[in-house]
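Take a look at this single chain in structure tokens; it is the form predicted on its own.
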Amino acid sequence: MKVNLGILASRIRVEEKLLIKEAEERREINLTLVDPRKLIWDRSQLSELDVLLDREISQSRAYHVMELLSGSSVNLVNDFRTVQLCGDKAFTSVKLKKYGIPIPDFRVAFDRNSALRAVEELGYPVVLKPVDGSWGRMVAKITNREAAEATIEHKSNLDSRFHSIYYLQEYIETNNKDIRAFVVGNDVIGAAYRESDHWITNAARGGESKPYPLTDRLERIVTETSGIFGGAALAVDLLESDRGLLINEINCSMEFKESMKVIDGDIPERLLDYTIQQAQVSEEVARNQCPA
């Protein structure tokens, strides 16, 4: 049986090119590229697909498309709930804390004065992040009261509704490095150090990858995290601290072009294997439910 696979993406980056190449080389896949900017939604949209893989750069477009498809015959990788939880740093942290996963301490405030009190509670330095965003954009390390007042005042005058929410996180000293681990279902594909001259280590900001061993403790915390978020396809960012490994952020549309240089596992291949498996499992369940 051929699987009708859709890849949701408005920008074709290196990762998407690798996924497209892998999909086009497989006989069992009929590939459709879905640009959400060109969609005009009605209930029949995308109904010909067996599975849709989210690679959309815009979180808001991604979770709207995935929510509109929820409950349809189209399998989703990742589904709306996972995209929503991972796309909002406050939701992510609350979920992880609820299940006892070690994370940096954090606060969420909804007013400038409350945000300043939250900074004082956490202590300096503290990190202010937008709840929605990637690549280290609009992330600030605040080192004193004057900087806190100026940064929060600036944020309070930005237009996006997300900037009316103040997500503040304990600063963890990591010597300008963190760990990105890739998990697909219950399998940790690999992990890499991301190192930089700057405390923000994202590849988009110049971070470089180095090998990181798959230790038992790393695999345990990453698979536990994956289970909490639906056993999905995720990139999990971790920090090394004197309290052990801490989950920093979770990315539901994993970027891997830099990390894959030092990881043995073939990430595009494994991601497509998992995506196709979701469609096949669903087809098998549907067949078994049909009356004889």
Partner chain sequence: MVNCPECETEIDLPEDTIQNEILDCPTCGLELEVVDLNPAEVDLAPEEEEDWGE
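Residue numbers count along the first chain shown, from 1. Everything numeric in this text was worked out from a predicted model, so none of it was measured.
What comes next is about the form predicted in complex with the partner chain, which does not appear here.
Please pick, from 112, 163, 107, 89, the one residue with any non-hydrogen atom lying within 4.5 angstroms of the partner chain in the predicted bound form.
Going through each option in turn, the one that passes is 163.
Heavy atom within 4.5 Å of the partner chain in the predicted bound form: which of 267, 51, 252, 247 fits that? Just give me the one.
When the partner chain is considered in the predicted bound form, the option within 4.5 Å is 252.
Specify the contacting stretch among 238 to 246, 221 to 229, 66 to 74, 52 to 60, defined as having any heavy atom within 4.5 Å of the partner chain in the predicted bound form.
Residues of 52 to 60 come within 4.5 Å of the partner.
Within a 4.5 Å heavy atom cut-off, is residue 28 in contact with the partner chain in the predicted bound form?
So residue 28 does not count as contacting the partner chain.
Although the partner chain is absent from this view, report whether residue 134 comes within 4.5 Å of it in the predicted bound form, heavy atoms only.
Yes - in the predicted bound form, heavy atoms of residue 134 and the partner chain come within 4.5 Å of each other.
Please determine whether residue 279 contacts the partner chain in the predicted bound form, using a 4.5 Å cut-off between heavy atoms.
The answer is no: residue 279 has no heavy atom within 4.5 Å of the partner chain.
Would you classify residue 39 as touching the partner chain in the predicted bound form, given a 4.5 Å non-hydrogen atom cut-off?
The answer is no: residue 39 has no heavy atom within 4.5 Å of the partner chain.
Quick one: name the residues from 3 to 18 with any non-hydrogen atom within 4.5 angstroms of the partner chain in the predicted bound form.
Residues within 4.5 Å: 9, 10, 11, 12, 17.
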